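Starting off, we have a lone chain in the form predicted alone, written out as structure tokens.
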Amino acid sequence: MADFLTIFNKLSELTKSAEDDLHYCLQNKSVNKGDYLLRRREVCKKLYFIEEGLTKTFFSNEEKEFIMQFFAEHALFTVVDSFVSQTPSTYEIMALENTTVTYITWKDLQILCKKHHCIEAAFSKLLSIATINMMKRISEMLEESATERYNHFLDDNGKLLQRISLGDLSNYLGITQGSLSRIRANK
């Protein structure tokens, strides 16, 4: 829980009262590998922080799964559009390892944002960062070659390479496993 508070403090310095109220609202949950934190068509009601473990945010159709992002230790994450608008999600969140998260509910966060401007400012900055990251992800998929996307993944998330399957990596990169094997062979 302390790390969740640390991140919010880095986004916007919290008053002692705000920190105490935020700490009071935080909850912990452990899930097993393969468990879902969010299913498609559910409303995302939680903002998560990973204490330990690894998750993926993804959507799928009958033909293919597309992974938007992996989240590992010390990451704050949610399905932003569903969380903010409180509408059903087109994405799912699944644990790729046994995972422990700290979270706050949307309802509690809304109450704290009204009560403490510093929490509202932290949440606003968090949304701005999430938007920037999503735009970067979209640009990568639209403008870069598969090899460039793979190299960016290694630069940004290389430590995850041993923790995720090649199938998940190829789905993240938007390529087949055969194409991924050829890219890796040329390294």
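Quick note: we count residues from 1 along the sequence shown, nothing fancier. The model shown is predicted, which means the values in this text are computed figures rather than measured ones.
One more form of this protein, predicted in complex with the DNA, exists but is not displayed; see below.
S.K.: Even though the partner isn't displayed, in the predicted complex is Ser165 close enough to the DNA, meaning a heavy atom within 4.5 Å?
M.R.: Yes, Ser165 is a contact residue.
S.K.: In the predicted complex, is there a heavy atom of the DNA that lies within 4.5 Å of any heavy atom of Thr176, even though the partner is absent here?
M.R.: Yes, contact at 4.5 Å.
S.K.: Indicate whether Thr6 is a 4.5 Å heavy atom neighbour of the DNA in the predicted complex.
M.R.: The answer is no: Thr6 has no heavy atom within 4.5 Å of the DNA.
S.K.: With a cut-off of 4.5 Å between heavy atoms, is Leu154 one of the residues that contacts the DNA in the predicted complex?
M.R.: It does not: once the DNA is placed as it appears in the predicted complex, Leu154 has no heavy atom within 4.5 Å of it.
S.K.: Counting only heavy atoms and a 4.5 Å cutoff, which of 34 to 42, 65 to 73, 120 to 128, 138 to 146 contacts the DNA in the predicted complex?
M.R.: Selected range: 138 to 146.
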